[in-house]
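The chain below stands alone and is given as structure tokens, in the form predicted on its own.
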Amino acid sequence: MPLSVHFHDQRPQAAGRSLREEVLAGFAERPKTTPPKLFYDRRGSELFEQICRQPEYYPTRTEELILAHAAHDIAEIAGQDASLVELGSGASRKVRLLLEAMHPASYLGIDISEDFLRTSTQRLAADYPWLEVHAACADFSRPMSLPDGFGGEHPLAFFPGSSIGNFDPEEAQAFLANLHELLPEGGGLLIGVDLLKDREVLEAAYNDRAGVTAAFNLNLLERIRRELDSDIEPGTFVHRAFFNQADSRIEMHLVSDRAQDVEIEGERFHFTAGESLHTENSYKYSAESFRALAGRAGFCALALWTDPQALFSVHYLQRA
């Protein structure tokens, strides 16, 4: 690690559940389910980058357009003495738009993947030599604190990509409450939130014609077969994604096309024909419903930006 990047290891002493434990526990549930974090092996991460470039997948490009339009307003609200804390460290265009508009004295990237964190923060330090760069290897979904030595009077936490939608509403409120405790009084949260819209637009985004999202979903089974002792056949499952209007969420499933038994690590699990493995939720909000959720976690709303089609929103919240 170059001297220009200050590294902080804040990983909990007790590691989370392993892939084996997560899969065995999820397959034993009724209905069967796995957490979306299991998508992101190397191949899954590559496929997700491809998803973001698909014409049907509006969130990434729409959020970038909103941030490009709003960056100077964001910088004005944050103030000259602000620092920037990115949850899920990246060297993407989104954070660069903020760095160039805000010119913060310091930047902190937080990610649980040490290799990715080191690479991304080194790249930012090289591209912005005037910036004091910090890297914290930590699980930001759990309570944590800002590391010693990280400067800035009023930190602004940045959580893009509508990743908040992967939490159910109770988990999302708990996550926001953790961020409330992380930030000092006057600290801010800039967060991307996908908006409710026509079913056709939502479902097309998760069922692209090129089949990249289907490959991303099915790669979970490939990973299980590759990394665990399993006879599961990905070719006997099909991708399904649909909008659940009652719960205001997109659901992704892998549906068994036949009755079958699969073995994983010596344990057998039965699928009936048409039974699914529930792999992801992505909750969609109205601007008002998300502000209410953030308010229950202790934040007040300062600003809101959307695109002309009201596909996506970026909220500036302040710790109340």
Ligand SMILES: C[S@@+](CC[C@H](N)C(=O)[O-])C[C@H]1O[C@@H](n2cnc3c(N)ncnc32)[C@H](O)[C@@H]1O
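Numbering starts at 1 and runs along the sequence shown. We call the rigid core whatever largest set of C-alpha positions still superposes within 1.5 Å between the two forms. Values in this document were obtained by computation on a predicted structure and should not be read as measured data.
From this point on, the text means the form predicted in complex with the ligand, which you will not see here.
The chain is drawn here without the ligand; in the model of the complex, the stretch among 243-251, 80-88, 230-238, 123-131 whose residues come within 4.5 Å of it by any heavy atom is 80-88.
At the 4.5 Å threshold, heavy atoms of S106 stay clear of the ligand in the model of the complex, well away from it. Proximity of F27 to the ligand in the model of the complex: non-hydrogen atoms within 4.5 Å are absent; the residue sits far from the partner. Taking the partner from the other structure, the ligand in the model of the complex has a heavy atom within 4.5 Å of a heavy atom of S113. Using a 4.5 angstroms limit between non-hydrogen atoms, S141 touches the ligand in the model of the complex. Contact annotation for the candidate site: G187, R296 and Y316 all lie away from the ligand in the model of the complex (no heavy atom within 4.5 Å).
Of the listed positions (Q173, S163, N219, N207), a single one reaches within 4.5 angstroms of the ligand by any non-hydrogen atom in the model of the complex, namely S163. This chain is displayed alone, yet in the model of the complex one of H69, R43, K37, R61 has a heavy atom within 4.5 Å of the ligand; that residue is K37.
Comparing the forms between this form and the one not shown, the C-alpha position of E171 differs by less than 2 angstroms, with the core used for superposition. When the rigid core is held fixed, the Cα atom of C137 travels 2 angstroms or more between this form and the one not shown. In the core-superposed comparison between this form and the one not shown, L117 has its Cα shifted by at least 2 Å.
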